[in-house]
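Just the one chain here, the form predicted on its own, laid out as structure tokens.
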């Protein structure tokens, strides 16, 4: 299908991404800390009615507003990923946190142009916090520019969502990094990356992620002065392996990369 004569501007895409976050937040909070059925998907990850309903609502709004855009969502799959404009969405990133009453779950919304993320939103419904990353612009935390830290490896605060995400080789790589930092913590899901952009966390090392887990993070981290790549230092894309390294600054990134590939 041909692209529209007047393609959306970056400002239009940004405002629309924020409107999707506004749509999702109250829906998530209607289910949060309520009794609900939890199912296991084929990969044994949990899913709830909230995940599916939020993604359905987001997809319907995208289709009404931008019928020529592709969509890649966690719960309802892929549509037209060959299009120039693609939305990548995770309705509830951190479903395990969500179903156990932890407020560190979020909604992730990314817009890709030609396969490259140009808009990313990390929205935290339970805390009301939101990060907005737009290519070429400073990252905003609740509307105010934020900046990642300048800390180096020995002072770094390292996060991963869970030790369970690593296989044997990945666990060994993570241990090599964590042996060199000031402290390590687990948990957070997408929240850790927002905290990295705000200067509180210095590095996040994870594996086994999917594009809907990381594409929205790219503009947020980069716009705050950080670096986010795979474990070989390559830019993240829809076809990346799911090994993710996010750091607060380029020097820290250069310190950690060799430890992951040792």
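All figures in this text were calculated on a predicted structure; none of them were measured in a lab. Positions refer to the first chain, counted from 1.
There is another form of this protein, the form predicted together with a further copy of the same chain, and it is not shown here; the text below is about that form.
- At the 4.5 Å threshold, heavy atoms of residue 167 stay clear of a further copy of the same chain in the predicted complex, well away from it.
- Looking at residue 101, you'd find a heavy atom of it within 4.5 angstroms of a further copy of the same chain in the predicted complex.
- At the 4.5 Å threshold, heavy atoms of residue 152 stay clear of a further copy of the same chain in the predicted complex, well away from it.
- Although the partner is absent here, residue 81 lies well away from a further copy of the same chain in the predicted complex, with no heavy atom inside 4.5 Å.
- Of the candidate stretches 191-199, 60-68, 223-231, 204-212, only 191-199 has residues whose heavy atoms lie within 4.5 Å of a further copy of the same chain in the predicted complex.
- With the partner omitted from this view, the residue of 137, 76, 185, 116 that lies near a further copy of the same chain in the predicted complex is 185 [heavy atom within 4.5 Å].
- Residues 151, 157, 159, 162, 163, 164 are the ones in 151-169 with at least one heavy atom within 4.5 Å of a further copy of the same chain in the predicted complex, listed in sequence order.
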